[in-house]
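In structure tokens, the next block holds one chain alone, the form predicted on its own.
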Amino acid sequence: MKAVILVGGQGTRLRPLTCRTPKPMLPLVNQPFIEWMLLRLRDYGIREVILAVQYLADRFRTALGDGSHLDMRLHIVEEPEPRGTAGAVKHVEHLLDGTTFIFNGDVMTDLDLKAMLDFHRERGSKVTISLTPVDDPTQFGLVETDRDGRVRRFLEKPRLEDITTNFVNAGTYLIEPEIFRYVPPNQFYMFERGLFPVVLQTGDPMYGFPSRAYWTDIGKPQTYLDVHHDILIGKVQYHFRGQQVGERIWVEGEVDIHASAQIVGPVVIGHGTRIGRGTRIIGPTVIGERCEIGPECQIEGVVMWERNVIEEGVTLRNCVLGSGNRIGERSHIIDGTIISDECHIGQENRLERGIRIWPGTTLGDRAISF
């Protein structure tokens, strides 16, 4: 069986983290998100995957190659221009020869794929859409089904009085290849606003598979932080690559932690990281490889990529740091702030309120203070 993962988006909502790194390549608990997706598919017996790429395509080729290091067969197919969700799959249609899973490359889910496939086959479905319930149906496009799960209609952000269901499209599909005859070639065409309404009109069997599995879009700064927190507190099924060395504390390889440092899990610490005297780290927090964290720092609810240098007395709280940054002494970086890659933040800066710092930025001492 094969799968297609749609990874062509530019990740504009996650800028500046995605200026140099495509969104599906962003680290999720120190592992590229796309690698986690691929390994999960392999665990389900899906060993041939097509990546429909467009933005920063060479990053995928360099990191993943032909997939052999993952014991998989990987096709990385670049779109000549953005084609939309259905148009991107139409572009790789020649590689499809049977029932195919389609995934969005920015959706984190632990959906039971075997149960969804069984549902699809038992009903003779041509298109099966994964569905998830939401608390406020007025903010989403809803999918209304009959008792057996067959899709009856789509409701786009309905009024309260028109709501008949609280299930929405969760972004995972099972599709039979013949359905792509309805998708025009070499055009921008979407599943949600193009193909699925057409299939509803043609009468081809299309079903919704309801599930209460974990589901979130990692494509926004707060949800990128949130999904790390959810993984660390156990809300989503996830296998940590490191070794558990304490109560909800995992380390990946060799680390150097000063005897006076205090770590309160859940925390993941990457290989080669050093943590200085008197520093306090409170989870949920992820620290990447080869980071240098100086003395008397306070770190809580942080996602930190590799090769960061954190100087003495720094406070980091509820923020994201990309790769290769240096944070000067006694700086405060809090409240949803995002710092991209290779930035130098001078001493005693105070960054908060979701401020975003672009790659390569240098801030002098005490340059910003809210």
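One rule holds for the numbers: they count along the sequence shown, beginning at 1. The term rigid core refers to the most C-alpha atoms you can superpose between the two forms while keeping them within 1.5 Å. A quick note: this is a predicted structure, and the numbers were derived from the prediction, not measured.
From this point on, the text means the form predicted in complex with a small molecule, which you will not see here.
S.K.: Pick from W250, Y238, F101, W215: which has a non-hydrogen atom within 4.5 Å of the small molecule in the predicted bound form?
M.R.: In short, W215.
S.K.: By the heavy atom within 4.5 Å rule, which residue out of D146, D256, E178, E156 makes contact with the small molecule in the predicted bound form?
M.R.: Contact residue from the list: E156.
S.K.: Though only this chain appears here, would G84 touch the small molecule in the predicted bound form if you measure heavy atom gaps against 4.5 Å?
M.R.: Output for G84 is yes: heavy atoms within 4.5 Å of the small molecule.
S.K.: Is R356 close to the small molecule in the predicted bound form, meaning a heavy atom pair under 4.5 Å apart or at it?
M.R.: Result no; R356 lies far from the small molecule in the predicted bound form.
S.K.: If you check in the predicted bound form, is G208 within 4.5 Å of the small molecule, heavy atoms only?
M.R.: Flag for G208 set to no.
S.K.: Contact with the small molecule in the predicted bound form for T165, defined as at least one heavy atom pair within 4.5 Å: yes or no?
M.R.: T165 lies outside the contact set for the small molecule.
S.K.: Only one of these stretches, 256-264, 74-82, 114-122, 283-291, has heavy atoms within 4.5 Å of the small molecule in the predicted bound form; which one is it?
M.R.: Contact criterion met by 74-82 only.
S.K.: So, does N166 move by 2 Å or more at the CA between this form and the one not shown, with the core held fixed?
M.R.: Yes, because once the rigid core is superposed, the C-alpha of N166 moves 2 Å or more between this form and the one not shown.
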